[in-house]
Structures are given as structure tokens and as C-alpha cells.
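First, one chain by itself in C-alpha cells, the form predicted on its own.
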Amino acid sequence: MNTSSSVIQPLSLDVFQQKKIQVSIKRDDLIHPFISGNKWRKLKYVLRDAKEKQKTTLATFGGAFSNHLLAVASAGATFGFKTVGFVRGDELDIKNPVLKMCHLFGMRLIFVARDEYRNKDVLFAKYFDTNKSVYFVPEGGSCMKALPGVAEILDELTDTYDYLFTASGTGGTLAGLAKGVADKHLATKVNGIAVIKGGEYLNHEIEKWIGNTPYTLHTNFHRGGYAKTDNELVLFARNFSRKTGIVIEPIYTAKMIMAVMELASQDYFEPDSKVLCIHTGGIWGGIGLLF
């Protein structure tokens, strides 16, 4: 993967100029066409661990429009693993382009009822309990082994920032950034924007990985819940793309950028603050919502 292509671009939006803050976006969406953004960051050391343990198959979990499933499918084809994806929902969802791409990369798709999907350890054991060649990849790729890959974002920065912002779905990216900042003894304040309704529970998940390492999770910018959109959000994502040349989707990154703008309007940032937003990729799963 070419992380050197993850450039940083300024965002000169009106509210940022009015509040005299410098906001930029790190283009992790450019890392790879399919294993992009935080998906590659979180999978990097997971894949290495699977190779070291001589596993031949990656099994993971996701919804019908899951960027994570697509990333694992592409990574499997790229690095020599077979892949299995447990898909939450009905098999009719195979008609959607994300799952068609997963199938193109050779992923075996197993559709399961939502109740069965909730207990992923039991689901994995049902199919692979006696098969020691299969490696369990958590939903979203979020786990302890994912954190160092996310923290490597900090090694690529050539400037210092007062704030880092990321969208949060499972909490892994936020946890990795927070741990990386703490390990480097930086003064940067790490912030996550929960894209799911009731996102307060993510704090419990994050604390399992990084204990009391400081971070801030904002839970009131989900705009209805995971994969929920509204006209204002979709129009914002479209207009942002037209103004900046940067495509963002309404599920993750658009919510995060809108939240940063709202926080700026509320004087969350001191004047002259430097803010870095992480574009976590995810275009394939959400781009259809823009049309």
C-alpha cells in the first residue's frame, strides 16, 4: 500500500475562516482503491499476524454495504488468503455493488439472520471451530492488533496539530490515534465523531483497548444513526465534493466534517487552532447515497 500518497490538504471553508482556525484533511482515502483509509491501517498488522500463524483464510463480518468486507476481500486476493464474509441480512443483498465486488475478489459470502449475527464468536465457531487454518477478523477490523497501524498516521505528519478528528463506527481508529498521541507524549486532543446512534457504548469498547488514555467521543452528530442520511447531509456531501474535489460519503466522513464545522461555529476551538481531519475512506459503501 502506498501510504505516502496520503497527502494533507487544507480545507478553507467559510466557518473555519470566520473562526480563524486552520483545518486540513488527511487523504487516507487515496491509500488504495479498495483497501483504503482506516481499513488498511487496521488490517496491516492483522494480516501480518495471520501470515505468521500460517492461516490460509480470513473470516470476517459486515453489513450489505460494508467497506470492511470489501477491504478484506481485496486484501485476501492481494496477499494470498481465501476470504469468507458473514453478511448481516438477506441473500437478496448480493445484488448490491459492494457485495458484487467482494465476490469478484473471491470472497465466499454467508448470509445470516440479524439475531445470529450478533454473537460473532458463536457464529465463527459454528462454521470453523475445528478448522485451524481460518483467522478471525473482527467486524470493522477493530482490535488490539489494529491500533499500531492506525497510530502510524502520526509518523507521517510533518506538522503539529491541536486537534485530530475521525469518524467512529467501531472505535478502533479513535483508539489507535489516542494511544499513538499518548505514546508520543503529544498535546494533540483526539476527537471522534460517533456515526451510530447511542454511540456512548463505544467508550466501553475503546477503554478495553487503551484504558484511561484521554480522548473525546462526540455522540450527538450521528444524524439518525448508522447509515442514516437526510437531505441536508447528502447535499452537504455533494457540495463539499464540488467545492474541494474531495469525494466524501454521508455514512462516515461527511458526518465528521459537518460535526467539525458545527463545533467551530460553537467556538469549540481556540482561534489559531490547527485541526486535522482524517478521511477514513469508505467511498464504495456510501457513494450510492450521493446520487
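A quick note: this is a predicted structure, and the numbers were derived from the prediction, not measured. Position 1 is the first residue in the sequence shown; the rest follow in order.
Just so it is clear, the following notes concern the form predicted in complex with a small molecule, a form of the same protein that is not shown.
None of the heavy atoms of residue 99 is located within 4.5 Å of the small molecule in the predicted complex.
Contact annotation: residue 60 falls outside 4.5 Å of the small molecule in the predicted complex, judged by heavy atom distances.
Although the partner is absent from this view, residue 75 stays clear of the small molecule in the predicted complex, with no non-hydrogen atom inside 4.5 angstroms.
In the predicted complex, residue 41 stays away from the small molecule, with no heavy atom inside 4.5 Å.
Only one of 191, 188, 170, 83 comes within 4.5 Å of the small molecule in the predicted complex through a heavy atom, and that residue is 170. Shown alone, this chain has one stretch from 33-41, 257-265, 49-57, 235-243 that lies within 4.5 Å of the small molecule in the predicted complex by heavy atoms: 33-41.
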